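A single chain, nothing else alongside it, follows as structure tokens in the form predicted alone.
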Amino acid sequence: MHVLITGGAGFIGSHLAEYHLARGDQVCVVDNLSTGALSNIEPFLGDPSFRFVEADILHWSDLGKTAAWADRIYHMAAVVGVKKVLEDPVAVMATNMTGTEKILRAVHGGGWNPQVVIASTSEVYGFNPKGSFAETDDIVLPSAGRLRWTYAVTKLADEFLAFSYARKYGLNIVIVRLFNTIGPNQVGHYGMVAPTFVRQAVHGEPLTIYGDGAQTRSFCDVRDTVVALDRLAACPRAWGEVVNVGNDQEISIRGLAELSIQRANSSSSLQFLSYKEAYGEEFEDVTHRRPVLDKLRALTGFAPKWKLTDTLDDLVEQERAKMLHAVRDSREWPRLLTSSSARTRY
């Protein structure tokens, strides 16, 4: 199978690349590295079945040709994270909406009909008061704090674009609403809570909780997520549908912080920040976000395999390995500077 992954140097995209390479597929990743990282795909660069293109899909001249080559396309390219959204809402609008339209146009003009996964988000449910969200539930976005909801609005627009192309041109598209995916190689730069908590716990720093920590989320390991996306892409009954993807086990943000401290065997304390202190502006956060997974199960038989404690243990181990590597580098650097091989000769 030929697989194209936009945003493939990002967190989920790079795990998709690893998953398909392990199955023997040909994988092409395109990423402008604005939020993705070359380190995420570095292990694959020597693989003859892997190709990386550093490009912005808004301007990538080979998009049409590569879309026509692909048997499957995962459109993961997006500006993500609350901090990034608040910093540059213009980029969010351009990348998330224009990028999706370009992908859909390329698929339609490619001369054949690949399987396409369009990544949306659980954020589109907004302030719906229900305890858990099904795909048929109403979308309730507040009029206040407009920039906070830029990401959700662009992803909702992406959904409508995908539905429109699927209906008009009969394209094989499934839209996935992702619920808080976490796992190895995720970073906390743009407000991702789990890697931030783990890093703080491993380093013995206070864990910073935004708000009172009573808000709840449902976290799904990325290694489960990629399996669900693969099954949905290959399921004809899922084409033209929107499907929740995640884990329906729920935990409060304070509970996640305390669990992170426990798994890291850390003595870190908890520190509470207002949203204004955290983001530079005040807004009301969603109190809960838990998926109803009945549709996903009915279409694919999927059930998550990774427990939250197992995922946190992997993140703790990864963070400790980074610390050890940093310590070794700090010890090695002075020695290299004074060694004869490292001296500069004039």
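Residue positions are given as counts along the sequence shown, with the first one as 1. Keep in mind that this is a model prediction, so the values were computed, not measured.
Beyond the structure shown, there is the form predicted in complex with uridine-5'-diphosphate (UDP), which is absent from this document and is the topic of what follows.
I253 is the sole member of A166, V242, I253, V153 with a non-hydrogen atom within 4.5 Å of uridine-5'-diphosphate (UDP) in the predicted bound form. Screening M192, A233, V227, L86 for any heavy atom within 4.5 Å of uridine-5'-diphosphate (UDP) in the predicted bound form leaves a single hit, M192.
The closest non-hydrogen atom of R289 lies within 4.5 Å of uridine-5'-diphosphate (UDP) in the predicted bound form. Looking at R217, you'd find a heavy atom of it within 4.5 angstroms of uridine-5'-diphosphate (UDP) in the predicted bound form. Shown alone here, T208 lies within 4.5 Å of uridine-5'-diphosphate (UDP) in the predicted bound form, counting heavy atoms only. By the criterion of a heavy atom within 4.5 Å, E123 is counted among the residues contacting uridine-5'-diphosphate (UDP) in the predicted bound form.
Proximity to uridine-5'-diphosphate (UDP) in the predicted bound form, taken as heavy atoms within 4.5 Å, picks out 196 to 204 from the listed stretches 106 to 114, 125 to 133, 196 to 204, 86 to 94. Every residue in the set N180, Y279 and D285 has a non-hydrogen atom no more than 4.5 Å from uridine-5'-diphosphate (UDP) in the predicted bound form. Residues are counted as partner-facing when one of their heavy atoms sits within 4.5 Å of uridine-5'-diphosphate (UDP) in the predicted bound form; in 1 to 27 not one qualifies.
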